[in-house]
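Form predicted on its own, single chain, as structure tokens, below.
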């Protein structure tokens, strides 16, 4: 029964991204900012560090596929890059201390990496008209702020949840 909490938590984080976008669409800030919630990715990164890297990679593949199917027209983009970011994060936390402030920097680095890759892919397939400067100001900085706030509010509960789930699965 308790083992079902892991998929439920990850599914809730997955859907929280789209629910947040309903409330904060492009019109929320008069089009000046377009923050993108990456709550699921933050949860996935917490899973990779405080639960199990291999499980997080599997969840990255599965939810990356779902993300591609439902939210983007670029099949394979999130399917490939979510597990890659999980792997990069697990390697970075082995080299750096896994404290929450250091992990915040790693999470923001990963979000920036993902946003830049997705922006590059959208430029490549001509699905965006934003210049790099517009992208940086309107989307990347706003995404940093939003996800840093989410991290600050939920880092301790997420870490605790994954540590408890790790005990259940061991």
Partner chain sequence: MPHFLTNKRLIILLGSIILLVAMIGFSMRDRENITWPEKFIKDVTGFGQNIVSKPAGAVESFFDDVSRLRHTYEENEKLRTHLEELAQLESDVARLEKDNAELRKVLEKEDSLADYEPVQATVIARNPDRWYELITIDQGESNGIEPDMAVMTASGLVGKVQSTSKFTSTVQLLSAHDSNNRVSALVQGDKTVYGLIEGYDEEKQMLQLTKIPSDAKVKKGQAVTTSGLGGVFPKGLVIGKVSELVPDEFGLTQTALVKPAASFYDLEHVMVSKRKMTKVLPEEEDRQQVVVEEEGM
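A quick note: this is a predicted structure, and the numbers were derived from the prediction, not measured. Numbering follows the first chain given and starts at 1.
The same protein has a further form, the form predicted in complex with the partner chain, not shown here; the description that follows concerns it.
- For the options 112, 121, 104, 145, the one in contact with the partner chain in the model of the complex, meaning a heavy atom within 4.5 Å, is 121.
- Contact annotation for residue 19: at least one heavy atom lies within 4.5 Å of the partner chain in the model of the complex.
- Interface membership of residue 67, defined by any non-hydrogen atom within 4.5 Å of the partner chain in the model of the complex, is confirmed.
- By the criterion of a heavy atom within 4.5 Å, residue 58 is excluded from the residues contacting the partner chain in the model of the complex.
- The partner chain is not drawn, but in the model of the complex it has a heavy atom within 4.5 Å of residue 14.
- Along 138-170, a non-hydrogen atom within 4.5 Å of the partner chain in the model of the complex is carried only by 139.
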